[in-house]
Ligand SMILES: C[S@@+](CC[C@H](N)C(=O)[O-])C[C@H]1O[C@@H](n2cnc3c(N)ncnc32)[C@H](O)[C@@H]1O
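First, one chain by itself in structure tokens, the form predicted on its own.
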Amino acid sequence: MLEPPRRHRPAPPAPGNPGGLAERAATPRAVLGLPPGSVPGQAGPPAGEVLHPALPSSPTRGREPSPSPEEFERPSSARVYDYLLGGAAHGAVDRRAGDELTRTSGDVVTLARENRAFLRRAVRFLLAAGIDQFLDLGSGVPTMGNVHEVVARSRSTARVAYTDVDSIAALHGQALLAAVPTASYSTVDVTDVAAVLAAPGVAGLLDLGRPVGLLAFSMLQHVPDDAAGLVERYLARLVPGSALAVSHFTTDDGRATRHVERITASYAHGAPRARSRDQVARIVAGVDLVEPGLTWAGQWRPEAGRPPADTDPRGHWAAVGFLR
């Protein structure tokens, strides 16, 4: 059985800012520099049109995950990340790994929060651009300000298909989303593009004949080989006007140390592989990037009143772009 959840707060949030992350309404299209309508190159449905009118009120969420003993005995990226963010979907083995990461790499909690803040800003941007359906690759546990929560706070009815290979994270995810008809969680290996797109929680929720926001937040570092080729295969299945949002772990600024590599080597589904800016640039080469292009996660369109500074954490490269 799963261990009873236990909450963790690595650091107190800023006053008046729950979770330390600012929430704002979606930016008006004119401010974004985008044309009227849906997204560049693709017209959306008329206002009020219902997507997939034949879908049942509770979309299929994919096959039920069956965790292996190894998944309980070893930490996972998804659950350690949940712990660092202050979530509750993790066990003792994940807390031990998270505590060791915090002791040996003091910026790790800040890096995790900065990456989640980028997720929120990127999703709000895409919602404002007209994207109303998202495919989130390697999403981990869908809580602590994840995509469907950003969608809800933006008063959107956008649909969100979460995917991850971690069966324990999926159990938590499917329980969390049981009462959310516009979101699904599929237990599937994201390196298998055909399997992901055919998963009931994806195929039964998203319309690939319309623009999709393809999301890969701090996930592609778990693809050991050709991450750029994997993204290219996904983009080849999407229509023009679709979008890509990526953040990727890096050691370019030197703050992510060998301790991170040593601790994460025990992850059940593979240790992360840091990539350089040039390598991440190849991953996002298939889309037209919006300003400010490929930059540090904390410097991608920061919230008003929180300008980037030289002391900001720099553990993830980040970018958002559109498929033409």
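Only a predicted model underlies this, so the values are computations on that prediction, with no experimental measurement involved. Throughout, we count residues from 1 along the sequence that is shown.
Note that the form predicted in complex with the ligand isn't included here; everything after this is about it.
Engineer: Using the partner position in the predicted complex, report whether residue 99 sits within 4.5 Å of the ligand, counting heavy atoms only.
Structural biologist: No, no contact at 4.5 Å.
Engineer: Answer with yes or no whether residue 242 is in contact with the ligand in the predicted complex, where contact means some heavy atom within 4.5 Å.
Structural biologist: Judged by the heavy-atom cut-off of 4.5 Å, residue 242 is well away from the ligand in the predicted complex.
Engineer: Examine residue 139 and determine whether its closest non-hydrogen atom to the ligand in the predicted complex is within 4.5 angstroms.
Structural biologist: Taking the distances in the predicted complex, the answer for residue 139 is yes, it comes within 4.5 Å of the ligand.
Engineer: Looking in the predicted complex, any heavy atom of residue 217 within 4.5 Å of the ligand?
Structural biologist: So residue 217 counts as contacting the ligand.
Engineer: Kindly indicate whether 114, 133 and 154 are, all three, within 4.5 angstroms of the ligand in the predicted complex, using heavy atoms.
Structural biologist: No: no residue has a heavy atom within 4.5 Å of the partner.
Engineer: Please tell me which of 250, 110, 174, 191 lies within 4.5 Å of the ligand in the predicted complex, judged by heavy atoms.
Structural biologist: Looking at the other structure, the residue within range turns out to be 191.
Engineer: Only one of 78, 212, 168, 205 comes within 4.5 Å of the ligand in the predicted complex by heavy atoms, so just point that one out.
Structural biologist: When the ligand is considered in the predicted complex, the option within 4.5 Å is 78.
Engineer: Exactly one stretch in 90 to 98, 197 to 205, 181 to 189, 120 to 128 has heavy atoms within 4.5 Å of the ligand in the predicted complex; which is it?
Structural biologist: One stretch meets the cut-off, namely 181 to 189.
Engineer: Just to make sure I understand: among 222 to 246, which residues lie within 4.5 Å of the ligand in the predicted complex, judging by heavy atoms?
Structural biologist: Counting only heavy atoms within 4.5 Å of the ligand in the predicted complex, the single contacting residue of 222 to 246 is 222.
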